[in-house]
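The chain below stands alone and is given as structure tokens, in the form predicted on its own.
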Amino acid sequence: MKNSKKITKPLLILSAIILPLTLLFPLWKIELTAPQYPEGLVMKIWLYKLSGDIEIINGLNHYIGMGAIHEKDFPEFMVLPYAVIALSIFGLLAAFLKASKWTHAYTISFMIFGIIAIADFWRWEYAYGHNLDPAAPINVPGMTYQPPLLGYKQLLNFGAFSIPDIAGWLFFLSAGLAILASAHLIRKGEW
């Protein structure tokens, strides 16, 4: 157990320290390009707010019947910063507690948190791109405008590109460190 902790403890501490840094940067970004917007439009999603060209995107989306994007429509913004801090504290506790079950509990909690966050984001994108106003000025039968969760998608004359931003990559790094810590313990036969 002592040799295992020499490796897992620094991994867990680093994982836990990285998490609060995600509050300082955007988590995800959706970039839109079109002939009439060669410089592109961007929406950045933070853990607690939105930034970027939201008003322009709302104005354009009105024409195809999509609802406006408002921060108040995201109750997650009130919870996510606290959830990240709690997860970070849990990671630090796991690093300093002797039992490997705490390391595994932290890693599993992190994975569950990530799955729920991605599923919630997909759910929002689905509703946003499918719940269209039938009286919109531009109505293309059968067309939906769900932005991609990850990657590129053509939506009429707009190209939409969705990718993690700085905080998203920090989340992946933090999760990866937690997974490495658990994997090391499992390899050593410590459950």
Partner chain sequence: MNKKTIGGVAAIILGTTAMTFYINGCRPKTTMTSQSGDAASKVYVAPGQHDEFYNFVSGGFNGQMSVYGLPSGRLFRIIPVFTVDPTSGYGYSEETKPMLNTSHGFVPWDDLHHPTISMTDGIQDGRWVFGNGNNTPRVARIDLKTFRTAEIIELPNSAGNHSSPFLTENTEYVVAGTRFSVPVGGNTDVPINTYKDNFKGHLSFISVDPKSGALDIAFQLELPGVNFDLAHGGKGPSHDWMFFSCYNTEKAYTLLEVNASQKDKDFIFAVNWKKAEEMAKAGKGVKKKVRYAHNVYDELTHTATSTIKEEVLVIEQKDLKEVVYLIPCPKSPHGCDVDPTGEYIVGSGKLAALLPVFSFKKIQEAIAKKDFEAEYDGLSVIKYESALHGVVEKPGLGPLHTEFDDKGNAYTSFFVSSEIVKWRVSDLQVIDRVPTYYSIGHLCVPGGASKKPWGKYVIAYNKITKDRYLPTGPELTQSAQLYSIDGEKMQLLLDFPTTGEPHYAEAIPADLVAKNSLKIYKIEENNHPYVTRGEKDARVVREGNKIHVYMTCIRSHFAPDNIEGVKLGDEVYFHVTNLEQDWDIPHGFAIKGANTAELLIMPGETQTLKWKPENAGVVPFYCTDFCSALHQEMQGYIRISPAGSNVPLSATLDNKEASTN
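Residue numbers count along the first chain shown, from 1. These numbers were taken from a predicted model, which means no experiment stands behind them.
This protein has a second form, the form predicted together with its partner chain, left out of what is shown; the following refers to that one.
The closest heavy atom approach of residue 169 to its partner chain in the predicted bound form falls within 4.5 Å. Contact check for residue 128: no non-hydrogen atom falls within 4.5 Å of its partner chain in the predicted bound form.
Looking at residue 180, you'd find a heavy atom of it within 4.5 angstroms of its partner chain in the predicted bound form.
In the predicted bound form, at least one heavy atom of residue 173 sits within 4.5 Å of its partner chain.
Contact with its partner chain in the predicted bound form, defined as any heavy atom within 4.5 Å, is confined among 120-128, 46-54, 160-168, 66-74 to 160-168.
Within 4.5 angstroms of its partner chain in the predicted bound form, the stretch 29-43 places a non-hydrogen atom from each of 31, 35, 36, 37, 38, 39, taken in sequence order.
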